[in-house]
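Just the one chain here, laid out as structure tokens, in the form predicted alone.
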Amino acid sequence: MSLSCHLLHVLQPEEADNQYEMTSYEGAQARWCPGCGDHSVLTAVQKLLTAEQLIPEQTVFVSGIGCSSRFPHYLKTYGFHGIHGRALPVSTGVKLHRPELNVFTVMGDGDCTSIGAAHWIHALRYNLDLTVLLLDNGIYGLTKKQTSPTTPQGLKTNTQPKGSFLPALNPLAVSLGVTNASFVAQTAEWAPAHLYATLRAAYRHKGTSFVRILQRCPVFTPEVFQAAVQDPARIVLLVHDDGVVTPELNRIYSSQIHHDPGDIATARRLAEADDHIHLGVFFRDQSRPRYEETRKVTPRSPNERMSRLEEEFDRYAV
């Protein structure tokens, strides 16, 4: 590591000279469809990386499978494009063995809440220091309009052409019901100021930060959330000094609730409410135990690792 990088690692972002610009984090050109909310999320993430001056070599983005899971390709950091539903197990392994790294997990609604549902639940319970982004457009986009767990009931898809049979799964309500969950928030791709502020609050939280990002798929679900985009009165902002405050949005979103993120009972009630879309930090408790602290992995040299591996193999020798 160079001396300049070492200094950036030691100093707080506000203390260090800005050596990284947004272009420092730009990877391959994003190939999402024009108008896809993923573009907005990518820009907000690059803005966050720049503001926090995260060293690219000490930052990892892990994804599963889906449109949103191409995220690691579009950032000039370390990345792991995994398999469907398995982004969180990979993130867990990275964080346990390299706890000093900044680890972000990016998943779609099908990737996280369907095949990856068990990993999602237990990752929240483990409460590792991860920043987890659920990009939720209510459809399987990469596989061309299949019903996902968050597809609105009645929405016609290629797998359920008469309309989605079941009520949509509520990722906020599920997350708030998991033992030891420590940070649950919701934001939207069409409100970039709120999106950025929420991501920054999530990154600065110590523990698993779960952020559901509402977004529209311009090809398969352009109508989902469109009413809220056109009518800001349908959105209520949750504001609190320990959550997210965006004064620049006050003129657009006049409906606001002063919500203490430490109040989990109110957080659960707000998560279940269907009269408005609530954006903000629903719950935050930084005192909850983190798995990397309760299960510390002892650092070992390559020779030590090989020796222990050989010992384990010898136990099963025939």
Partner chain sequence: MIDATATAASPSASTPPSVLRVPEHTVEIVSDSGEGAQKCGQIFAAVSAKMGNGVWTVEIIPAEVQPPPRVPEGASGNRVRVGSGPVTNWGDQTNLVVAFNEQVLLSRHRVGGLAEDAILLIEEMWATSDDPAVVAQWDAAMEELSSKSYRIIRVPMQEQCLTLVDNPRKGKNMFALGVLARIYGRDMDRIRDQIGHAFRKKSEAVYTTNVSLLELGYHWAEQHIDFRIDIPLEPMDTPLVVMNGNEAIGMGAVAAGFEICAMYPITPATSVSHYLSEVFERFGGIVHQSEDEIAAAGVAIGASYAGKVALTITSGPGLALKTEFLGLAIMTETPLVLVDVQRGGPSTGLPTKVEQSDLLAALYGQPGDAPHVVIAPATIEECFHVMVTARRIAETFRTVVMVLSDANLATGVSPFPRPTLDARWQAAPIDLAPVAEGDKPYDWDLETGLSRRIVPGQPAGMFTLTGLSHDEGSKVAYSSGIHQKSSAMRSRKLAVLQSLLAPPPVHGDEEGELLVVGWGSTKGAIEEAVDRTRAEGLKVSSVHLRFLSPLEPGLKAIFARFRQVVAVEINYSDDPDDPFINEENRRRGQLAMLLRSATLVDIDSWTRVPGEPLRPASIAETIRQRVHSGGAA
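Note that this is a predicted model, so its numbers are computed, not measured. Numbering follows the first chain given and starts at 1.
We do not show the form predicted in complex with its partner chain, though everything after this point is about it.
Undergrad: Only one of 148-156, 199-207, 183-191, 70-78 gets a heavy atom within 4.5 Å of its partner chain in the predicted complex; which is it?
TA: Selected range: 70-78.
Undergrad: Decide whether residue 240 counts as a contact residue for its partner chain in the predicted complex under a heavy atom distance cut-off of 4.5 Å.
TA: Looking in the predicted complex, residue contacts with its partner chain do not include residue 240, since no heavy atom lies within 4.5 Å.
Undergrad: Whether residue 57 contacts its partner chain in the predicted complex should be assessed with a 4.5 Å heavy atom distance threshold; does it?
TA: Yes - in the predicted complex, heavy atoms of residue 57 and its partner chain come within 4.5 Å of each other.
Undergrad: Just to confirm, residue 168 within 4.5 Å of its partner chain in the predicted complex by heavy atoms?
TA: Because no heavy atom of residue 168 falls inside 4.5 Å of its partner chain in the predicted complex, the answer is no.
Undergrad: State yes or no: in the predicted complex, is some non-hydrogen atom of residue 220 no more than 4.5 angstroms from a non-hydrogen atom of its partner chain?
TA: Close contact is absent here: in the predicted complex, residue 220 is far from its partner chain, nothing within 4.5 Å, heavy atoms only.
Undergrad: Name the residue from 131, 113, 175, 92 that puts a heavy atom within 4.5 Å of its partner chain in the predicted complex.
TA: After the contact test, the surviving option is 92.
Undergrad: What residues of 270-291, in sequence order, lie within 4.5 Å of its partner chain in the predicted complex by heavy atom?
TA: The stretch touches the partner through 291 alone.
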